[in-house]
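Next comes just one chain, in structure tokens: the form predicted on its own.
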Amino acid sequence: MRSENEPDGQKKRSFIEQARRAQIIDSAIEVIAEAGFGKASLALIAKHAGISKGVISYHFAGKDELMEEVVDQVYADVVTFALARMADQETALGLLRTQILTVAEHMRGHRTRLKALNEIFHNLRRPDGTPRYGIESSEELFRSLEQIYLLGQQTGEFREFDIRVMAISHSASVDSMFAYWSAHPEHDLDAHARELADLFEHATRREPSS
């Protein structure tokens, strides 16, 4: 059973509160993508959502918290979509290829979300001025990708290699794919993803014994 409280100890939000937060997050994504991070004020986001700025302040402590919620929600949706497709895969190679292809498939239908993420990643800062989303923020992703590569090595599908190096390379390649597609909307994202999946399949493949 789920607790009556959220993980941070606060009382569980009602359906209406959850719906309002989702509305604010969706509006934030649209405003950030269109106006840019710097111009995406809480007042402008509230205007887009058709609510008062005070409503946003009720649900979020400030702009930084709202930006973090945008990132969390976008990533949660991507993960949910990808895991649903990966659930039917029975091999490490199948998991590897499906992860790359489904992430691209999902984001192809959410270009606005991708643009908003890019704005947040490049502009959101901690109080000390360092980027909020630096390389250390990718640790959870690296570990999840490592599990795929480790499984492939354990089952004999993949050759021996450093799974951390491969996970970092995997993540960076997907990020670069989206960055290029964002700058060149005419680029065939699905074809790029297929080439990328082929590349990592060849990079990890165990060669047959002579």
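Keep in mind the model is a prediction, meaning the values are calculated, not measured. Note that the rigid core is defined as the largest set of C-alphas that superpose within 1.5 Å between two forms. Residue indices: 1-based, along the sequence shown.
Keep in mind that the form predicted together with a further copy of the same chain is missing from the display, and what follows is about it.
- M166 is the sole member of L151, L42, A49, M166 with a non-hydrogen atom lying within 4.5 angstroms of a further copy of the same chain in the predicted complex.
- With the partner removed from view, the residue among S176, S57, S144, T155 that has a non-hydrogen atom within 4.5 Å of a further copy of the same chain in the predicted complex turns out to be S176.
- Proximity of E90 to a further copy of the same chain in the predicted complex: non-hydrogen atoms within 4.5 Å are absent; the residue sits far from the partner.
- In the predicted complex, a further copy of the same chain stays beyond 4.5 Å of every heavy atom belonging to E65.
- Shown alone here, H110 lies farther than 4.5 Å from a further copy of the same chain in the predicted complex, counting heavy atoms only.
- The closest non-hydrogen atom of A61 lies beyond 4.5 Å of a further copy of the same chain in the predicted complex.
- Highlighted residues N123, L199 and H202: every one comes within 4.5 Å of a further copy of the same chain in the predicted complex, counting any heavy atom.
- The stretch from 180-188, 49-57, 22-30, 65-73 that comes within 4.5 Å of a further copy of the same chain in the predicted complex, counting heavy atoms only, is 180-188.
- Shown here without a further copy of the same chain, the chain has E34, A35, G36 in 16-37 lying with a heavy atom within 4.5 Å of that partner in the predicted complex.
- W181 is not among the residues whose C-alpha shifts by 2 Å or more between the shown form and the other one once the rigid core is aligned; its shift stays under 2 Å.
- Remark: with the core as the superposition reference, the CA shift of G109 between the shown form and the other one stays below 2 Å.
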